[in-house]
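The chain below stands alone and is given in structure tokens; this is the form predicted on its own.
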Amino acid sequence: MIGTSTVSTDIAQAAPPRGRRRRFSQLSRRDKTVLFVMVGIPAFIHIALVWVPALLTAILSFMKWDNVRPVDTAEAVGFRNYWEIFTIFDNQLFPALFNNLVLIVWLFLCSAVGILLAYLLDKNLKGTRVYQSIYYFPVVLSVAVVGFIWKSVMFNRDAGLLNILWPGDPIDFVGDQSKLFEFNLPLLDFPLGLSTNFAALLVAMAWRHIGYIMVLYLAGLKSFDPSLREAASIDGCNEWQTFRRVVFPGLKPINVVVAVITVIEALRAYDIVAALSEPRGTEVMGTLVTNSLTGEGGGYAGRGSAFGMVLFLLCIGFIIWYVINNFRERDA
């Protein structure tokens, strides 16, 4: 009896208490360390270089600071900076927002052209690799370099290729601020419209954007299941119906990426405008932020931060809206 009770006591002490389950992990301590380093370091860099400056910009947008004196001299002014950009400087804000909106619509049209080129090149036409290289060449160039190329080679008034081919008088593509069209809004005292030099800038943006979209969709089409196309053709679908009802919906992950990239690229456009020396009529939100901080008559860090927060909210608002709708469709 004594031996039996001793054994029972040892078993009871060795057994884990009820209600507590030991968690077994397939990851070793070394695996956890490597995982922490691989995830933690990029996350720290991202937060330090993206979200911390964004938070500081949001705080600075409610303050008055000349960007020269120490930060402790900054003065809290509440919503004055936002009131100024929407009232006093509305003749700068709304034309810039309009140009960004035009750029969004234009880049989506260019994306459609990129899809068309990708679909044609997917047919393995003769010389496909040559065409791919030609269309993709602008993508490897930065936006600033694209701006310099078009400014000196294409748009130059004296020796530009477009003016050489143009049969009439030379056109100042960069300096022409005349409006191609104008319209009035009830709450604004000035018209909004598309200037000639900004229309020329749209052509330069399209030269780069079309090749980028073409490569993305060409990669998606190469990995698309050909049996789905065969099934659609058996059901009697023509080429357009197959693409619209089978191929394009099947490329939904790429569609999401392209939509987000297109909107973000249009909203944060600044490099190509700066490469053209920021002529009047080509102002976008990025130029307003930069000029408020460092441009002529600059030194208004609070106002520039307010412009930056408007741009940030436009970008993050679209991304949140699109991601939420995408998850809702998945859960449905």
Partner chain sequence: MTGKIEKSPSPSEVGFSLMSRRTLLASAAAVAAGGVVLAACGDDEDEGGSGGGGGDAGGEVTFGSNYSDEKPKAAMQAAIDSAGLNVKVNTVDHNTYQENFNTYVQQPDDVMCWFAGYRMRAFAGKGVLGDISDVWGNLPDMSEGFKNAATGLDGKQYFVPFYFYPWAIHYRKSLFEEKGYAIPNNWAELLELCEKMVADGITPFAAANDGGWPQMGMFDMINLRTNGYDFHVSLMGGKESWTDDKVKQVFTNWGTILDYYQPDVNGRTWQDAATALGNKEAGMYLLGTFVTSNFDAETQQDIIDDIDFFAFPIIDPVHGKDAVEAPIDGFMMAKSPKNEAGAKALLTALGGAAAIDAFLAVDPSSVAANSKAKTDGYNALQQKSAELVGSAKYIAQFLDRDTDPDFAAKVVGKAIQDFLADPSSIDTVLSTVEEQKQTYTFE
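Predicted model, so just to flag it, every value in this text is computed and none were measured. Positions refer to the first chain, counted from 1.
As for the form predicted in complex with its partner chain, it is not shown, yet the points below apply to it.
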Exercise for review: Report yes if all three of Tyr82, Val102 and Asn184 come within 4.5 Å of its partner chain in the predicted complex by some heavy atom, otherwise no.
Suggested key: no
Check your understanding: With the partner left out of view, is Thr196 within 4.5 angstroms of its partner chain in the predicted complex by any non-hydrogen atom?
Key -> no
Practice item. May I ask you to state whether Ala274 is within 4.5 Å of its partner chain in the predicted complex, using heavy atom distances? Key: yes
Review point. Taking 4.5 angstroms as the cut-off for heavy atoms, does Phe62 touch its partner chain in the predicted complex?
Key: no
**Study point:** Proximity of Arg244 to its partner chain in the predicted complex, heavy atoms at 4.5 Å
**Key:** no
Review point. Using a 4.5 Å cut-off on heavy atoms, what residues in 61-87 are near its partner chain in the predicted complex?
Key: Lys64, Asp66, Asn67, Val68, Arg69, Glu84, Thr87
